[in-house]
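Below, in structure tokens: the form predicted on its own, a single chain.
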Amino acid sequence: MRTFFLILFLVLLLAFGRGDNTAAGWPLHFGFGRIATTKEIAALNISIRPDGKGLPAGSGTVREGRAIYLMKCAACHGSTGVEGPQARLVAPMGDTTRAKAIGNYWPYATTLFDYTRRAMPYNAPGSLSAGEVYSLTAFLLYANKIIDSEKVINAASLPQVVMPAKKFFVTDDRRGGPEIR
């Protein structure tokens, strides 16, 4: 069987060349699509680092976040973030359910913002404004007993939030394999 695949590979290699698609009759361009503009690429470059670099302008409060949560999140995560049917969001440090949630597992508050902005709500990912995401982040941090109810969350204050689980994460300092730094 192994010999069959080796022979098949060699036949295909001879028929189609070693990456020179024009020799096999393939065009260099298929005539559809176009090169993305710098502006289009920048619009999709929305990564947020743990130190807050990349956070957009805007702000949000717990009060605003609670209202947005009930409208756009409660159907999947429950009215308080613990009922489901989807992932549990609220489990403050010390919670005995052993569920991995924002309050007892996530190492950076900026990750919460980044994930929410990219992937939520499930039926319309990426549809939330920066202010809505800041407000939802504030509400979820409050629900997990990480910030108080009066805290305003924005690009300056969010990276300053210390997540309770951060101390349990270990930096990957392995050497000797393919390294991405």
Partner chain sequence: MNKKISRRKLLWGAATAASVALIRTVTGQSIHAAVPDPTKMPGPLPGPVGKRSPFEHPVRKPSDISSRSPLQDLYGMITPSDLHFERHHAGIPAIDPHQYELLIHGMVDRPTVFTLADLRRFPALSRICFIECSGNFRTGKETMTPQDICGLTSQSEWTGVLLSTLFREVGVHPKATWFLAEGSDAAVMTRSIPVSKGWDDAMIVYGQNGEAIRPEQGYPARLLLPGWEGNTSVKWIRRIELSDQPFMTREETSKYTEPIKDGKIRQFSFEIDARSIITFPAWPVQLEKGWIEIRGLAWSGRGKIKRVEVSVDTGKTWLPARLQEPVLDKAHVCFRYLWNWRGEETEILSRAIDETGYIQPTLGQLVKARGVDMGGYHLNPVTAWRIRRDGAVLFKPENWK
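These figures come from a predicted structure and were not determined experimentally. Residue numbers count along the first chain shown, from 1. Here the rigid core means the biggest group of C-alpha atoms that line up within 1.5 Å when the two forms are laid on top of each other.
There is another form of the same protein, the form predicted in complex with its partner chain; it is not shown, and what comes next is about it.
Checking 144-152, 58-66, 33-41, 131-139 against its partner chain in the model of the complex, the stretch whose residues place heavy atoms within 4.5 Å of it is 33-41.
Proximity of S127 to its partner chain in the model of the complex: non-hydrogen atoms within 4.5 Å are absent; the residue sits far from the partner.
For the chain shown alone, A119 is a contact residue for its partner chain in the model of the complex, at least one non-hydrogen atom being within 4.5 angstroms. The shortest heavy atom separation between P107 and its partner chain in the model of the complex is within 4.5 Å. Taking a 4.5 Å heavy atom cutoff to its partner chain in the model of the complex, the contacting residues in 132-171 are K167, F168, F169, V170, T171.
Put the two forms on the same core and the Cα of S47 is off by less than 2 Å between this form and the one not shown. Taking the rigid core as fixed, one finds a CA shift for A36 of 2 Å or more between this form and the one not shown. In the model of the complex, the Cα atoms of D173 and L55 sit 3 Å or more farther from each other than they do here.
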